[in-house]
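Next up: a single chain in structure tokens, the form predicted alone.
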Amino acid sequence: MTDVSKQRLLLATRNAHKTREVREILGGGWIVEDLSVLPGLAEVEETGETFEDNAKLKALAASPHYEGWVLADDSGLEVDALGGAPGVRSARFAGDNADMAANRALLLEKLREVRGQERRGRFRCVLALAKDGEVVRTFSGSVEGFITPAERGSGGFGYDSLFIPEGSCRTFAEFTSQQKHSCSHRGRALAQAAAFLRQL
């Protein structure tokens, strides 16, 4: 039986924050690489209508160029008061060239008159696992919570400083890495993916 813990895993992203999170969640037994090892690979246009669509697009684009397992993530924030936005456009909410500070500022502006339970939302993550140019399985995780009226905390990335998971009084940006991984959308999806790989 192959020792899966020693296998290489390519995370199909150029987002260093995501790569670090996946390495932390999977632990030191995994060799997690990202698209920095495939510098010539073209950027994937995320044209899918769902997180699953985009995760599959990214996994299928990278898999033929990598020997071994490829894991692609698409994730984002859904806010009920905004009809599920920013959703699949979470990274481009304020425009294709916007940074996350601009995205967070726009979110706060759109929710300026929204109060209480109306600020409910969730982080959602879908992972697509591919090998030899084919998607083998997808995994999903989500965490419910609320959007704060102002940024809080200095940890995390993305929208973490605006999101309080249900049952907590702190934002993800006020959590330690381990605390966040134990309940985050990505942590939940990765736990499923890791369990699947260990069974092979």
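Only a predicted model underlies this, so the values are computations on that prediction, with no experimental measurement involved. Start at 1 and count along the sequence shown; that's the residue number.
We do not show the form predicted together with inosinic acid (IMP), though everything after this point is about it.
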| property | result |
| --- | --- |
| Contact test, all of A91, F157 and D160, partner inosinic acid (IMP) in the model of the complex, heavy atom 4.5 Å | yes |
| Proximity to inosinic acid (IMP) in the model of the complex (heavy atom, within 4.5 Å), stretch among 146-154, 131-139, 26-34, 66-74 | 66-74 |
| Heavy atom of R188 within 4.5 Å of inosinic acid (IMP) in the model of the complex | no |
| Non-hydrogen atom contact D53 with inosinic acid (IMP) in the model of the complex at 4.5 angstroms | no |
| Touches inosinic acid (IMP) in the model of the complex: M100 (any heavy atom, 4.5 Å) | yes |
| E174 within 4.5 Å of inosinic acid (IMP) in the model of the complex, heavy atoms | no |
| Partner contacts for 56-71, taking inosinic acid (IMP) in the model of the complex and a 4.5 Å heavy atom cut-off | K58 |
